[in-house]
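Take a look at this single chain in structure tokens; it is the form predicted on its own.
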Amino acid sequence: MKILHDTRLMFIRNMQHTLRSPVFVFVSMFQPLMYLILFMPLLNGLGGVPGLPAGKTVDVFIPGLLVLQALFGTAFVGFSLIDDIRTGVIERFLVTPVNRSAILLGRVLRDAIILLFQCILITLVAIPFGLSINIYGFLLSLLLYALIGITMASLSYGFALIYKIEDPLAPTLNTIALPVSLLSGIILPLALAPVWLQDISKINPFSYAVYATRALFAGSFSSIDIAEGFVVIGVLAILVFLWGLNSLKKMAS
């Protein structure tokens, strides 16, 4: 199929561009590693409170930390697209026979692959801190992190295509990413939150992802949280990607 061929070409082109400056792949891991090394030890004294079983704080914290990486690690990829818009790269693609969907899909797949590489590295670093994982659950959780990455990357590219300049992009993305991360129970379980905050979190799709990844890490495959997480994030990823694609088509017209 043409879309698969074009997507492969766009993916290779964007991955080659990233590999020319691989340092940025590791720089974006600085924040979660600081949370792991400097913040997680503070939670050890909270073992036994709701949502944080004694002796298992790291098992609860790391899945949420990886969701945080998925959110913020792909939220600002739109800046690279703005650079391509400014230099005329996107316009040249738009006048070629390349499939419009492939232009965006090649980018978000590149971002998802890089994100998965980062998640694996962070998980490996967390093992000496006492992390215990179910290997099959972890592999499934990678798919969920990839869906989150596709969602945030598509959102970032969509706004980049609308704004076409850097100044409003970061404030817009921070305005979206910060509240949804705080309402996801990423750092501390929502079981510690007041009832009204727990109720608000139910409309936040990423809170379902956090519950799902924690169940996967624990190997609780019968948990309804896993199905809910994949359905909610899967649907969101499709909707946001289509929105970003619509922004690209508007630019083409």
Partner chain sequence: MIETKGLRKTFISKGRGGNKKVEAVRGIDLTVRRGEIFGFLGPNGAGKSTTQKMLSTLLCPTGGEAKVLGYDLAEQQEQIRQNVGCVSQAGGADLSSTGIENLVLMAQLYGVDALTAKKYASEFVERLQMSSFIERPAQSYSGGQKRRLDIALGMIHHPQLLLLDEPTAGLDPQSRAYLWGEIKKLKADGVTIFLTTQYMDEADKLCDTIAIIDNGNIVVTGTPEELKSSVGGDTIVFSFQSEETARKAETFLTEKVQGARIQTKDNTVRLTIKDGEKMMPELLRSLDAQNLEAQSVMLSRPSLDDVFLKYTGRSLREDERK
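Residue numbers count along the first chain shown, from 1. No experiment lies behind these values; they were computed from the predicted model shown.
What comes next is about the form predicted in complex with the partner chain, which is not displayed.
Student: How about Arg100 - does it come within 4.5 Å of the partner chain in the predicted bound form, if we only consider non-hydrogen atoms?
Tutor: Answer yes; at least one heavy atom of Arg100 falls within 4.5 Å of the partner chain in the predicted bound form.
Student: Even though the partner isn't displayed, in the predicted bound form is Val231 close enough to the partner chain, meaning a heavy atom within 4.5 Å?
Tutor: Although the partner chain is absent here, Val231 would stay clear of it in the predicted bound form, with no heavy atoms inside 4.5 Å.
Student: Does the partner chain get within 4.5 angstroms of any non-hydrogen atom of Gly88 in the predicted bound form?
Tutor: Residue-level check for Gly88: yes, a contact with the partner chain.
Student: Give a yes/no on whether Val235 approaches the partner chain to within 4.5 Å in the predicted bound form, heavy atoms considered.
Tutor: No.
Student: For the chain shown here without its partner, which stretch in 169-177, 149-157, 90-98, 112-120 has non-hydrogen atoms within 4.5 angstroms of the partner chain in the predicted bound form?
Tutor: Careful reading of the contacts points to 90-98.
Student: For the spot marked by Lys56, Val58 and Ser222, is every residue within 4.5 Å of the partner chain in the predicted bound form through some heavy atom?
Tutor: No, the whole trio is out of contact, none within 4.5 Å by any heavy atom.
Student: So which bits of 15-39 sit within 4.5 Å of the partner chain in the predicted bound form, heavy atoms only?
Tutor: Those in contact are His17, Arg20.
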